[in-house]
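For reference, the chain that follows is the form predicted alone, supplied as structure tokens.
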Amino acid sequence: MAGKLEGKVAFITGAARGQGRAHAVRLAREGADIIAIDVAGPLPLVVYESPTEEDLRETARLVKAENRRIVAERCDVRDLATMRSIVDDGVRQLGRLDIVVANAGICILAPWDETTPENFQTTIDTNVVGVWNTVMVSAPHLITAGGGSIILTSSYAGKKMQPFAVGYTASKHAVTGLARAFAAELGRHRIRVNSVHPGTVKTGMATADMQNAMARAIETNPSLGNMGTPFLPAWAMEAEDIAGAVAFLASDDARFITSEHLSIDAGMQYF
């Protein structure tokens, strides 16, 4: 039985592990071929372990196990020229582009007065400029294909806020705005643009070091420690839970959904 994305091609950033890998595997399972990029190397400012080339190779292996094709390359989303070259080459190899998932991002936790200019700038450059770069190199191919779906990964922090992460909160609110702005202008080309807003997800970012960084930050302002409490009895979701929402937005089941901001957060934003 054919999947909902049979014959489609998807471009996914931050695909080496976590949510990006889950998106690649789920979309492949639904029938899509994949163009995947990831920095797959050191991220000096973050406290969690950086993705590796082996992680990206494992994503490629998992996609191939779904009997789909994949073009997987190392690329920093801040590098517009290299990303454009990879996407253009991927489209030449796979024939078209229909779906874009701008998933790559970083998170640096620190109280406001311990946030350095380098931390703030790197977060904005990766999480905002990187998303803008992703859309700019891929949207022309969707126009050529006659339409498509673009999904931008924002966050619970892009609807409410993430305590002790001024740069991250600012960046994810910006992603929410990018989804609205691109949806308005690309709609005439039958391109839908939506954002997804995960809560806490069990990925390589959700490490003991990140938890310790949050605990230290909460000590500076304990009253903020309960923000993000979920309504459902689950404090964290699996990456596959977010991938299910992405697959829905990529499919024709969502053909009239655009400029929407879909939360998968167990109610965290409303606490």
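These figures come from a predicted structure and were not determined experimentally. Residue positions are given as counts along the sequence shown, with the first one as 1.
Not on display, but discussed next: the form predicted together with a small molecule.
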property: Contact assignment for the small molecule in the model of the complex, among 135, 91, 201, 183, heavy atom within 4.5 Å; result: 201
property: Contact label in the model of the complex: residue 149 to the small molecule, heavy atom within 4.5 Å; result: no
property: Residue contact check: residue 78 to the small molecule in the model of the complex, 4.5 Å heavy atom; result: yes
property: Contact flag, residue 232 vs the small molecule in the model of the complex, heavy atom cut 4.5 Å; result: no
property: Residue 195, heavy atom within 4.5 angstroms of the small molecule in the model of the complex; result: no
property: Per-stretch contact check against the small molecule in the model of the complex, the hit in 220-228, 26-34, 39-47, 64-72 (non-hydrogen atom, 4.5 angstroms); result: 39-47
